[in-house]
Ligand SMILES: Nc1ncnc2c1ncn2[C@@H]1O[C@H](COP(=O)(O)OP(=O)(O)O)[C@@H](O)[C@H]1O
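The chain below stands alone and is given as structure tokens, in the form predicted alone.
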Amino acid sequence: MTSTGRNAPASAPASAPTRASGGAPVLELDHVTLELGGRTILRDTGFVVNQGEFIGVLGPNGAGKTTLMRAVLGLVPASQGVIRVLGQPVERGNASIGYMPQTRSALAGRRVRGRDFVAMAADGHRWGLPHADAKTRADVERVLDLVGGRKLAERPLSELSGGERQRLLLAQCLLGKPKLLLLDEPLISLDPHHQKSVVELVRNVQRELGIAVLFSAHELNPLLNSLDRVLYLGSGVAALGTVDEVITRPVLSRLYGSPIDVMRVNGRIFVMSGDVEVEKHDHEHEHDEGGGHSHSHSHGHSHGHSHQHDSRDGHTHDV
């Protein structure tokens, strides 16, 4: 298991990232410190995400899930260390990254047709109904097929359910064939049925394309059957490993900075502080750490801004 940053145990190296076995590195953090509003979000952290990995990003409210994604997008500079995507230092507008921001409530009232909405992400600087060229139109049809969104594409967003809109948002993320998807809280406001559908859709697309996914969430259970590894953030520390390595009393107590119990009941995992389920409690008060409220989506080309988990890949290492 990888565990680095402030308050990490002395035996865990807070140095260069260790590469998991398997695919080539897609995302690397090397001695990275992130600060926001005078507060340290991550301290001296290093880890690697490899091609084809599905990583769940979890942690208490304010732990830095959104800030980490914005740093990977080049929107929040690291105060120390280097973040690399496909071996290159991060930069804004990296076409190899697809991004779904956290705040999406404004989509519910839009009358724009689904297909046109997806096409808008091909050029984030040109809103309104796009006049796409043949190459862009072909790419839009490709991503609609990937997410099973052909029928949805003919309807206005205002007539779609939250889960259906998520399909089209995922299609936007896939334009241009990115190698890394950053999905910031895609399960917010969805009922359990639609949460399951969205997770399964992302996992199927991720496997078909062989890309890496960072999928942030407030609750572990909807992701349990799809995760390769989990990245848990808290108290300036990042812990990366399998569910059985990370979701433990000692690790989570360190990340939350207070005693935490982990209960396993009927294939589900509950993270408790006393008699309070802390993941749900955090969700009720979510306003994320500063800068997390992004009100429009654009693709990487133009970023303006259950049963028990199966440890199928065996990737374990220290961050």
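Numbers for residues come from their place in the sequence shown, where the first is 1. Note that this is a predicted model, so its numbers are computed, not measured.
FYI, the form predicted in complex with this ligand isn't displayed, but the following is about it.
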Site superposed, this ligand placed from its pose in the predicted complex: open or blocked, blocked meaning at least 3 ligand atoms within 2.4 Å of a backbone or C-beta atom? blocked
Heavy atom within 4.5 Å of this ligand in the predicted complex - residue from 63, 252, 49, 29: 63
Can you pick out, from 172, 102, 226, 195, the residue that has a heavy atom within 4.5 Å of this ligand in the predicted complex? 102
Can residue 39 be called a contact residue for this ligand in the predicted complex at 4.5 Å between heavy atoms? yes
